[in-house]
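Okay, here we've got a single chain as structure tokens, the form predicted on its own, with questions on binding and movement later.
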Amino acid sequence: MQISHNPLHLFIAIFLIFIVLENSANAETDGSKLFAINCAACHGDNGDGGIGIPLALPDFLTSVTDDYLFKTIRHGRPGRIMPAFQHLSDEQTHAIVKHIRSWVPKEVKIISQGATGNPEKGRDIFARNCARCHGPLGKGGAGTGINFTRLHHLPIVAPGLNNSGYLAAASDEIIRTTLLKGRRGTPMLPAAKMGLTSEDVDDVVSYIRSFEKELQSSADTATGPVKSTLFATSTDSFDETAEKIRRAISEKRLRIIRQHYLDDGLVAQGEENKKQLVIHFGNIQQINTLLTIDPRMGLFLPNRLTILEQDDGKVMVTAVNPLRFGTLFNNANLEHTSRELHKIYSAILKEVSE
């Protein structure tokens, strides 16, 4: 099936998503129905996982509290695919938690807090034993958790621990319990099988908790909102502008993949507005990289620029701002590639505005 890149079709799809969110906010407090509406697309109908981690694992559900699950739903995981479901009421969120609990009706066993650890020692232990899955800075494994973006024998992508949502939900006791018990059904081994002592675990817990200061510092220096679109006013005619853009794309060693009029498919063939052109471009490596980081990038791929001649004769060139992708998809792993893509768009737009 061919996926439509028509702007009207995309608008309709986004509109339908908002309808679903609105309906879920007003839904009855039936945990199974609320889970199906809000969670199943990522975590699976029965919590078996997919884009999101598997929730029905016994070792997971017996090592986290209801408060942890509630706060995870409420805060999400900034930059890690999992959004914050703030449109749900407390009652609805508790209903989802109760539904998740129904999969493993076993007692939650949280291991009590140990001694205050040494975060400096914990950093070294983390680097030797944890960083290969959770990332050298604890930001989590790359990808989204589905087979397209991870090795097939791994059921999940390691979650981000250096994450404000995780640290707000997970108490020191929960982190300690996870380290000591591990998670059967995932690559997460118990501390003893990694050769770690109880004191080592306390040090790692202290190190993970120390991420909060770093995250707070980042929040304090965060920049303001990024514009959703890029645009430039051309100094040339419509046809000259289109030719300049094609030439600029070629000079960037990118391929023009498709060209079509903006209203293609919305009007009878031959009646399209010939002064509204969309140019799709990119290369296989770039597209594959972006889809590997986040398959939802398919909404914006191949790259595209739209050329519009207005009623007053002025020619405008517009594009989606790539710097918004990371925030839009709640995926910090898009940050580097989005910046690189922004440079390409900006350089092409500069060619037609000078």
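Every value quoted in this text rests on a predicted model; they were computed, and no experiment measured them. Numbering starts at 1 and follows the sequence shown.
What comes next is about the form predicted in complex with a small molecule, which is not displayed.
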- Which single stretch, out of 300 to 308, 313 to 321, 43 to 51, 281 to 289, brings residue heavy atoms within 4.5 Å of the small molecule in the model of the complex? 43 to 51
- Message: Taking a heavy atom within 4.5 Å as contact, would all three of L230, L254 and G326 count as contacting the small molecule in the model of the complex?
- Response: no
- Query: Given that the small molecule is left out here, which of L196, A95, A242, I249 has a heavy atom within 4.5 Å of it in the model of the complex?
  - Reply: L196
- Message: Would you classify I293 as touching the small molecule in the model of the complex, given a 4.5 Å non-hydrogen atom cut-off?
- Response: no
- Query: Within a 4.5 Å heavy atom cut-off, is G117 in contact with the small molecule in the model of the complex?
  - Reply: no
- Query: Should S234 be classed as touching the small molecule in the model of the complex when contacts are defined as heavy atoms within 4.5 Å?
  - Reply: no
- Message: Under a 4.5 Å heavy atom criterion, is T186 part of the interface with the small molecule in the model of the complex?
- Response: yes
